[in-house]
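Before any questions on how it binds or moves, here is one chain, the form predicted alone, in structure tokens.
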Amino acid sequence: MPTKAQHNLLLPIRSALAGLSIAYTILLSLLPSPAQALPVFARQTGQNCVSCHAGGQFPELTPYGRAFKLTGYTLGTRTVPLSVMGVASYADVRNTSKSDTPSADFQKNGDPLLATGSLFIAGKVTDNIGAFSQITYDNYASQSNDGKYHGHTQADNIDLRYADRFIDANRDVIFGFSLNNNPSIADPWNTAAAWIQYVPAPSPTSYQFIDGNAPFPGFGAGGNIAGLNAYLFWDKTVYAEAGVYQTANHALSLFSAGVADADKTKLQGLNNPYWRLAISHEWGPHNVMVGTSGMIAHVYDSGSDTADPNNLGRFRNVGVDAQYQYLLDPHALTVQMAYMRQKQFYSANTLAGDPSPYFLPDGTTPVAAYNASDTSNIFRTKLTYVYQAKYGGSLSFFNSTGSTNTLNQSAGFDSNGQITSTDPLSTGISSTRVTGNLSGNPATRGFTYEAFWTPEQHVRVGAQYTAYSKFNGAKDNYDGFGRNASDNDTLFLYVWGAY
């Protein structure tokens, strides 16, 4: 816990966070209402979407788009600060037979559905202040016992900025501050954890294996927290950002609006630093970036008592990323790479809880005790090409590796040396099908193939096929019930519109 001296030091930062949050709340109350996210920026700047987005493919940014973001969304003139976005989709999992309850494990499989919709309130407020805020409605957020689905609305991405720029014959300096609810959302490159997953992933379980739910580099703290970051972009070459995060509560509760208290990420004080450093270079139609980022987050166990220090765990993340773009009409080519190494230290109460219920195949020897910490490594790379800002495709590769830990095991042998999901002999030990992990190892690997068409700049129609060569630590029989990684291969079709 912070000492009294540390507490006094943190008070100005807390006050700044609270003050900016109150200012943002007032801003929202003053904005015109009926309601609508990114096309508002096109209306504000008078530019076509291709100016800000590579090949017109939102949300991937061009150098101009990055400059627009870094200068606080303030270029151009004020306009109605509203946009809307929606996603209609279809998913088909290759094999749904190895399941006790396919209707639960593969909800809406093979059914077209209207998945999510977002309202954006964004744009220029003053010459130095701008905002990007997203509120998302999930049509399939939960399901009751009678099988009916219930929609839910909550705060998604929020980024409120103050920025300024100084340009003369010898310098070009952009600096600013971002009050936001997701580490790396302020980042202008799409290799950042908050942006590398770009197509919204619907909630029904038939979508659990699509590319949007495959492993992505990310920060253990997750989103819907509150942070204040300062950043600097020097001569279009050096980008540096640093900030601190805390629980999004009290005056900052706007940043976790709609999230049930038991589901909120609870952080210890402001002892949760984030940093980012990148080197960028542009020449002709080419631009390239190489960067690194990291965060240390002290996170309480989900739904636990934050007054008990034994419920406090810790995440330590360090990542590297790179991006190359070639942008010369009618071609747009982007190559991205991102790697994140995470070490998670479990809380004392987690480690002191009930031991793993599983045994070795002899039905007598218990599996190993829990590890006090886990290490995971996630690597992503993607190649995207777009022609005439209309026709495009991408190829993605993902690979997740990490330490084996029985804490993460959700399938295994019972005291009779059997693996069952129904526990017919009342041993008190059952295993999970489909998503079960027999090894306790996170290793998952695969490719995603994508083709898309943009008939006009506000609509994208796409098809993705995600194929797995490894899942939950194995190629074959990863859940103990004969399910193989390739059984999870999934076709995903989507229509994604924004206006």
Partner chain sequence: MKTATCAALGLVLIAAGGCANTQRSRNLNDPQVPAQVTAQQVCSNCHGLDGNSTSPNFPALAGQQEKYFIAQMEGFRNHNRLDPAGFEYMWGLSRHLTDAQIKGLAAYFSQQTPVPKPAGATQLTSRGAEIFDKGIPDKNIPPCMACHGPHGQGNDTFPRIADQHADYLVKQLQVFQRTEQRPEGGVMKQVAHELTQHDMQAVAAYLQALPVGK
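Numbering follows the first chain given and starts at 1. None of these values were measured; they are calculated from a predicted model.
Separately, the form predicted in complex with the partner chain exists; it is not shown, and the next lines address it.
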| property | result |
| --- | --- |
| Selected contact from Ala155, Leu383, Ile129, Val84, since only one has a non-hydrogen atom within 4.5 angstroms of the partner chain in the model of the complex | Ile129 |
| Heavy atom within 4.5 Å of the partner chain in the model of the complex - the one residue of Leu119, Leu327, Ala322, Ala257 that qualifies | Leu327 |
| One stretch from 312 to 320, 364 to 372, 158 to 166, 335 to 343 that, in the model of the complex, holds residues within 4.5 Å of the partner chain by heavy atom | 158 to 166 |
| Contact flag, Gln44 vs the partner chain in the model of the complex, heavy atom cut 4.5 Å | yes |
| Contact test in the model of the complex: Ser400 vs the partner chain, heavy atoms, 4.5 Å | no |
| The partner chain contact at Val50 in the model of the complex, heavy atom, 4.5 Å | yes |
| Partner contact for Asp261 in the model of the complex: the partner chain, 4.5 angstroms, heavy atom | no |
| Ala201, Ile225 and Asp476 each touching the partner chain in the model of the complex (heavy atom, 4.5 Å) | no |
| Sequence-ordered list of residues in 55 to 88 near the partner chain in the model of the complex, where near means a heavy atom within 4.5 Å | Tyr64, Ala67, Thr71, Thr74, Leu75, Gly76, Thr77 |
